[in-house]
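Shown below, as structure tokens, is a lone chain in the form predicted alone; questions about how it binds or moves come after it.
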């Protein structure tokens, strides 16, 4: 999706022009963070960042990388191409969708954006981190009791290493990952942490999980959670979806 600061064609003085060979890639990524009616779009020369927030407790960010300059990407015969144009403050975002020579024009009204929440989640404060193959996390969620109000995450240098727990109508359920599991690509835990997160806040992230091939699970010293999903599009392009979630409560270790 090459980005430019001004239009190269026509008489319009666009401050943003973005094109995408296959709009389905963008559509899938946006669906992965669609749990509110409004989103904040931030365009840079490196790509698009789309942010959605809920109750100041949850933030989702989708990062859509751009194509390298000068690289030609062949569009499939059935693919729909997208061109996004923006004239600047106060103007709508204009979408040009082209398929089979037919162009559809859509205009989306823009609003004054609120400043996104700064969760102050930085790598220097990360206490524990694991990287899993997404299939293993999908399996865990299918076996845990999703009627539970919270998901408890335990990360520890010793057993149980990485444990997911629920407390629902069917009783307590635990799903453990050995640190040397084939599904575990990285295990870095410096201290034992057990935190609970509202299931209602985490459920939207399962949309991103369904699209992803890998997921990074990180917690910082405050117990804040970062779930970063790596998504590989049909054309091989890599995109990231990241969820930040504040802890519901910290569980005291016995």
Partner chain sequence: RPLRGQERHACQEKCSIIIRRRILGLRRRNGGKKRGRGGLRERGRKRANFFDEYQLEGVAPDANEICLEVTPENLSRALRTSQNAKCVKIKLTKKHCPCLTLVAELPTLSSVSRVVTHDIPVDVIPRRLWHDFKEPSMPDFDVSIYLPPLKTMKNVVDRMKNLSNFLVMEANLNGEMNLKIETDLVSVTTHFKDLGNPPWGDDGSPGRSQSRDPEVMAHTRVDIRKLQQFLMGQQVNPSKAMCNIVHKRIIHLILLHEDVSLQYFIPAVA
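Since this is a predicted model, take the numbers as computed values, not measurements. Positions refer to the first chain, counted from 1.
There is also a form predicted together with the partner chain; it is not shown, and the following applies to it.
Contact check for residue 108: a heavy atom falls within 4.5 Å of the partner chain in the predicted bound form. Contact check for residue 102: a non-hydrogen atom falls within 4.5 Å of the partner chain in the predicted bound form. This chain is displayed without the partner chain, yet in the predicted bound form the stretch 109-117 from 83-91, 168-176, 109-117, 132-140 comes within 4.5 Å of it by heavy atoms.
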